[in-house]
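In structure tokens, the next block holds one chain alone, the form predicted alone.
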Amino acid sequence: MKLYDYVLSGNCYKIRLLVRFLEIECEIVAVDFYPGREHKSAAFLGINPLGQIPVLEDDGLVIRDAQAILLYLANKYDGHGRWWPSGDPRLVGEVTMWLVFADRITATSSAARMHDVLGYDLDVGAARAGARSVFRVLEDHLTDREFGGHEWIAGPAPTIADIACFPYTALAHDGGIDLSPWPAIRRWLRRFTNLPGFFTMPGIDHIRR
């Protein structure tokens, strides 16, 4: 198995997290996303014509998109169904819904971070406003879950929905987004960092303080 990876990418970090949680071997291939823009090179476009990371190669399969890779790995390597509860149609629907929601976090919070950290030219005000709207939805959901005695986004235990939503929520401050108005989100982030096998990436250490 081979993961094309950039250490500062939250989407790549999602995959590294699940690989660690599942205790599977994976070769990490560093891609010079910034400033080298290696993901737009002819060689990389031959791997992923969309010019995006992460990309996973496994057993002859080349798969792109972070959420798709999470689904693939959990289906193939999670023999206990911990991270992807495939035997429960209702829970599958809920987890899938929050995997799609994670793309909204990427489109807003990650965009603001790319503006502030990497200097991307975009409407950062719109990105931050969008992120706040998205986090309001997540905050309300997690609050309701806590009132019902649940600690995770879907189901009684963490799933790939939590992995998908975690990185760009935890990195929101890099895009100038303050998480202090959302206490349920901050409690959920701390719970996630206490999972066995958790490891951090640059920009996330502050959560444990």
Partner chain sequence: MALDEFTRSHWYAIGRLEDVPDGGSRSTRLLGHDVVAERRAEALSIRLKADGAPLKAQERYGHVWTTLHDDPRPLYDIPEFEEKGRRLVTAGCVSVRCSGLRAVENFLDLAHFPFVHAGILGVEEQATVEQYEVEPDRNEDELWATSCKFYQPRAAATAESGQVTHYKYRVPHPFSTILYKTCPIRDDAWDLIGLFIQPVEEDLSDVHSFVLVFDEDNSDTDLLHFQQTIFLQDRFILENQVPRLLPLVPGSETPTRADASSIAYRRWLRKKGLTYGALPAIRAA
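Positions refer to the first chain, counted from 1. All values reported here derive from a predicted model rather than from experimental measurement.
There is another form of the same protein, the form predicted in complex with the partner chain; it is not shown, and what comes next is about it.
Does the 4.5 Å heavy atom contact test between residue 117 and the partner chain in the predicted complex come out positive?
Yes, residue 117 is a contact residue.
Close approach of residue 38 to the partner chain in the predicted complex, 4.5 Å, heavy atom
Output for residue 38 is yes: heavy atoms within 4.5 Å of the partner chain.
Answer yes if any heavy atom of residue 8 is within 4.5 Å of a heavy atom of the partner chain in the predicted complex; otherwise answer no.
Within the cut-off, so yes.
Taking 4.5 angstroms as the cut-off for heavy atoms, does residue 32 touch the partner chain in the predicted complex?
Heavy-atom contact with the partner chain at 4.5 Å: present for residue 32.
If we take heavy atoms and a 4.5 Å cut-off, which stretch out of 154-162, 170-178, 61-69, 44-52 is in contact with the partner chain in the predicted complex?
Stretch with heavy atoms near the partner: 170-178.
Give, in sequence order, every residue of 123-150 that has a heavy atom within 4.5 Å of the partner chain in the predicted complex, or say none if there are no such residues.
Contacting residues: none.
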